[in-house]
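Presented below, as structure tokens, is a lone chain in the form predicted on its own.
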Amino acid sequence: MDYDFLVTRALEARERAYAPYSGLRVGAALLTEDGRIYTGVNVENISYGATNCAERTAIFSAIAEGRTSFKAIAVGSDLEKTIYPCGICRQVLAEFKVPVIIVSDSKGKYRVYRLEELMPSAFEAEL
């Protein structure tokens, strides 16, 4: 798996973020089992509860296109330090069993985690 390429795609996506309130642009790149990449950005709203994170934007876009099996997601922002998915995003990552999470700083330096490391006790339902 080419982590460098996925991080690059996340940082490229970041440029399209809509972040007029926080000024923090975030991008994500989601790799599906069949090799497709879906990108997402944070989309803010004046009512912060209506804001959507980059990770969820990427996952929801993939789901809307019929993709439900994933290999990895990379996330990067304008910050000089690595950015991590929020709790809601971690729960969504757990729901769709995204096994690898790559977190990056603004320059592309990254760390790789297994889902269980970032969300060890995810809420699960038996379907």
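The structure displayed is predicted, hence computed values, not measured ones. When you see a residue number, it is the position in the sequence shown, counting from 1.
FYI, the form predicted in complex with a small molecule isn't displayed, but the following is about it.
Undergrad: Against the small molecule in the model of the complex, would residue 84 count as a contact residue? Criterion: heavy atoms within 4.5 Å.
TA: Yes, residue 84 sits close enough to the small molecule in the model of the complex that at least one of its heavy atoms falls within 4.5 Å.
Undergrad: Could you confirm whether residue 32 comes within 4.5 Å of the small molecule in the model of the complex, counting heavy atoms only?
TA: No, residue 32 stays farther than 4.5 Å from the small molecule in the model of the complex.
Undergrad: Is there a non-hydrogen atom of residue 51 within 4.5 angstroms of a non-hydrogen atom of the small molecule in the model of the complex?
TA: Contact check for residue 51: yes, within 4.5 Å of the small molecule in the model of the complex.
Undergrad: Residue-level question: is residue 39 within 4.5 Å of the small molecule in the model of the complex, judged on heavy atoms?
TA: Taking the distances in the model of the complex, the answer for residue 39 is no, it never comes within 4.5 Å of the small molecule.
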